[in-house]
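Given as C-alpha cells, the chain that follows is alone and in the form predicted alone.
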Amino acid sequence: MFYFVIDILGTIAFAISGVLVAMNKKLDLFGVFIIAFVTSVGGGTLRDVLIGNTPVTWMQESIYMLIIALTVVFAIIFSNHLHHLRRTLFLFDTIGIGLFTLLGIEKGLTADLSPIMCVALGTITACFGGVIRDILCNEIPIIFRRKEIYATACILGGSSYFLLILLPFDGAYAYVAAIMIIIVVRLMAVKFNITLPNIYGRQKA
C-alpha cells in the first residue's frame, strides 16, 4: 500500500507538470492529455520493458488512466492558480523525480538487480517521462541541460537509500529520507546555482 500511494502521488505530480508544459505550448485538449500521460508513465513504461514486466503497469491497472484524466481536468480548471504559483512546474517536476526514483529502485530490488542497476532503473523511471515530454514539446530535455541538476539528484538520492538501509531503523524511513534528499538536492542546486562542470571552456553554456 505504501508503494502504491507513492506511485499515485508521483503520477499526479508528473501529470500536472505535463499539463503545465502542454498549456504553455498552447496544445489542444488531446495534446494536453497526451503530454500529461507520457510524462506520468513514460519512465515507468521504459522501466517495465527493461525488466520484462509486461504488459506494463498502466496497462494492467486502469486506475492510472483514471488518475491522469482526473488530474488533467483538475490542472486545466485551476491552471490560472497553478501558473500564479512561483516555479510551479519546477516544484511538481522535482517532487515527481523524488517519488519515481525510489519507486524504480523498489522495482529493481523486486527483480533482484544489483544496487547500481537499481539506481540506474530508478533514474530512468524518474527522468524519461520528462525526456519524452520535452521532446514532444520541441524542447531540449531537462536531463541534458548543464544548468539543471536533475539525473544527478536521482543518482545521489538513490545511492543514499542503499546507505540508509544499512542503518538500524525501519526501511520506510530510509525510503522517505532518500526521496527528501533528491528533492532537497535539486532545490538547493537551483537556489545556489550549482551545476555540473562546464566542458565548453569560456563558451556560453
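Residues carry their position along the shown sequence, with the first being 1. We call the rigid core whatever largest set of C-alpha positions still superposes within 1.5 Å between the two forms. Since this is a predicted model, take the numbers as computed values, not measurements.
Below: the form predicted in complex with a further copy of the same chain, not depicted.
Task: residue 194: touches a further copy of the same chain in the predicted complex, heavy atom cutoff 4.5 angstroms - done: Heavy-atom contact with a further copy of the same chain at 4.5 Å: absent for residue 194.
Open item on the list: Is residue 160 near a further copy of the same chain? Define near as a heavy atom within 4.5 Å, in the predicted complex.
Closed with: Flag for residue 160 set to no.
- [ ] Considering only heavy atoms, tell me if residue 199 and a further copy of the same chain come within 4.5 Å of each other in the predicted complex.
- [x] Yes, contact at 4.5 Å.
- [ ] Would you check, heavy atoms only and a 4.5 Å threshold, whether residue 27 touches a further copy of the same chain in the predicted complex?
- [x] Yes, residue 27 sits close enough to a further copy of the same chain in the predicted complex that at least one of its heavy atoms falls within 4.5 Å.
- [ ] Go through 177, 69, 137, 165 and name the one with a heavy atom inside 4.5 Å of a further copy of the same chain in the predicted complex.
- [x] Going through each option in turn, the one that passes is 137.
- [ ] Taking a further copy of the same chain as it sits in the predicted complex, which residues of 29-43 have a non-hydrogen atom within 4.5 Å of it? Please list them.
- [x] If the 4.5 Å heavy-atom criterion is applied to a further copy of the same chain in the predicted complex, 29-43 yields 29, 30, 31, 32, 34, 35.
Open item on the list: Is the shift of residue 68 between the shown form and the other one large enough to count as movement, that is, does its C-alpha move by 2 Å or more after the core is superposed?
Closed with: Shift of 2 Å or more: yes.
TODO: Note yes or no: does the Cα of residue 155 move by 2 Å or more between the shown form and the other one after the core is superposed?
DONE: Not so; residue 155 is displaced by less than 2 Å.
Task: After fitting the core, residue 116 CA displacement of 2 Å or more between the shown form and the other one - done: Comparing the forms between the shown form and the other one, which are aligned on their rigid core, residue 116 does not shift its C-alpha by 2 Å or more.
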